[in-house]
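One chain comes next, on its own, written out as structure tokens in the form predicted on its own.
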């Protein structure tokens, strides 16, 4: 807790120093930004954008998890299929997803489906890679023990493979969370009329520094809070 408070204090001090250097045309100071964010949270139109982003992100994250596990778990159970699929998944992970956005817009059009699709594209690959790796790293001793105990395939998956692979799977979910959020916001920036991403791009076009800083602060607080929670659970699972 003490380290966290010190880190926040250092970040705020650095933010204030950067404001003093760059000026009001580029940044707003921490206190003014927090007050303006509180004002935005008290207005109805801002909540329309906030709920739109929340809905798109929630669906994109859910699809990333379900589809990623649906791809990664079966591949991890089959050695040769995993050896073929792993380089393909790693290559797909390395591709800049923004180049796929014109295709996404062509298929889904401008609106909520495109944002969900773009968020899912970002999050699905790391979930699949980590799920596959987690299953492949299950100790052979555990699997031989399951065979000696004559466990069925379903019992082996439920009692041995899933618990043993869960730490790696959760690591993939943590990364998928961050990337799905990024993908959803990018989708709103380039192909939407609602959402925090759209609001941010609109403010950039108008050079509305208070809105830019307030939305950025809100997104940073949300991402940092949930990432810290997921990281704590991740470490507990690995222990």
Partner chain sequence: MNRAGFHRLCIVAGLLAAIEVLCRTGIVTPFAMPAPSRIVFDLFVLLRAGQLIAAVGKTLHDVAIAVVLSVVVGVATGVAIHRLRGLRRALEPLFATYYAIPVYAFYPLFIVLFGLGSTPQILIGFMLATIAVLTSTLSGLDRVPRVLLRTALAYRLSPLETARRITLPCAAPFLATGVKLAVSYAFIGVVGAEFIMSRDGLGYEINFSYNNFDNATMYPAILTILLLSTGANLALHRWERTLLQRRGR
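Numbering follows the first chain given and starts at 1. Computed from a prediction, not measured in an experiment: that's the story for all the values here.
There is another form of this protein, the form predicted in complex with its partner chain, and it is not shown here; the text below is about that form.
Look at 161-169, 143-151, 129-137, 103-111: in the predicted bound form, residues with non-hydrogen atoms within 4.5 angstroms of its partner chain sit in 103-111.
For the options 50, 182, 59, 37, the residue carrying a heavy atom within 4.5 angstroms of its partner chain in the predicted bound form is 182. Every member of the trio 7, 27 and 216 reaches its partner chain in the predicted bound form with some non-hydrogen atom inside 4.5 Å. Remark: residue 207 counts among the residues lining its partner chain in the predicted bound form, judged by a heavy atom distance of 4.5 Å or less.
Its partner chain in the predicted bound form is approached by residue 228, whose closest heavy atom lies within 4.5 angstroms of it. The closest non-hydrogen atom of residue 22 lies within 4.5 Å of its partner chain in the predicted bound form.
Contact annotation for residue 41: none of its heavy atoms lies within 4.5 Å of its partner chain in the predicted bound form. Shown here without its partner chain, the chain has 80, 83, 84, 87, 88, 90, 91 in 77-91 lying with a heavy atom within 4.5 Å of that partner in the predicted bound form.
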